[in-house]
Each structure stands twice: as structure tokens, then as C-alpha cells.
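What follows is a single chain, given as C-alpha cells, in the form predicted on its own.
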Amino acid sequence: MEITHEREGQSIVVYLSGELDHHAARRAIEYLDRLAALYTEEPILLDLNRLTFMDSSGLAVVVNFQRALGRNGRRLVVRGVPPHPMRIFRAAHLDKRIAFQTKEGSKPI
């Protein structure tokens, strides 16, 4: 699992690449928590387009990050979700609680 981030306009985009499973989940949570503390004003987008695998541990990473941002009045937007992980989000009814961005722009999925 590789985690990187970059500024895109006024936002910080976090890219998760590779496999987001139980082995990578703790490291991802720690990285995202540090990032949220570092960038306290900027909107943060989580880009999952580079994931090759995600299991329920990946859901926990996203939900944990959403809650961490929410405690400070911030909102998480997730984009680039591959079809299989999106099915997992929908099966867990998280598509109702998390903002997803389509490739066309800011329309939620």
C-alpha cells in the first residue's frame, strides 16, 4: 500500500494505491490522522482510483477518517472508487453517509 498526497487547487487530495487490507489499515489511519492535523482548513479528498484491492478494513479506514474530520466540522469527499469497493460501500449503506464524487465533477454517486 502506498499513500501520497498533493495540493489540487484549494484542496488536499490523498491517493491510496495498491491493496487496502487489514495489513495496511493501521498505517493508512495514522497517515490520514496526521494529514488532517497538518491541513486543518483545506478540504480533503480521498482518491481510491489507484486501489487494486479493498476489503472491510478499507471501509474502516474511510469511516474512521470521515468521523475524525466530522468531529472538527469538516467533510470527507471520496472519489475514484473502483466498482468492487463501491459495491462494498453500498452493501454497508455507507453511500448514504459519505460524499462520493464522480469522474464528471462534484455530483454525488
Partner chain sequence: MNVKNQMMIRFESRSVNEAFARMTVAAFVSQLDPTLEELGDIKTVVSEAVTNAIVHGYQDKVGYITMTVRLLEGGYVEIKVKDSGCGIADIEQARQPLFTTGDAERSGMGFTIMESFSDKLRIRSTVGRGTTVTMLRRIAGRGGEEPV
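In this text, all values refer to a predicted model and were calculated from it rather than measured experimentally. Numbering follows the first chain given and starts at 1.
The same protein has a further form, the form predicted together with the partner chain, not shown here; the description that follows concerns it.
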{"item": "Listed residue that, although the partner chain is not shown, lies within 4.5 Å of it in the model of the complex (heavy atoms), from L59, L48, V77, L69", "value": "L59"}
{"item": "Partner proximity in the model of the complex: A92 to the partner chain, non-hydrogen atom cutoff 4.5 Å", "value": "yes"}
{"item": "F53, heavy atom within 4.5 angstroms of the partner chain in the model of the complex", "value": "yes"}
{"item": "Heavy atom of I88 within 4.5 Å of the partner chain in the model of the complex", "value": "yes"}
{"item": "Heavy atom of I98 within 4.5 Å of the partner chain in the model of the complex", "value": "no"}
{"item": "Any residue of 4-26 that, in the model of the complex, places a heavy atom within 4.5 Å of the partner chain", "value": "E19, D21, H22, H23, A25, R26"}
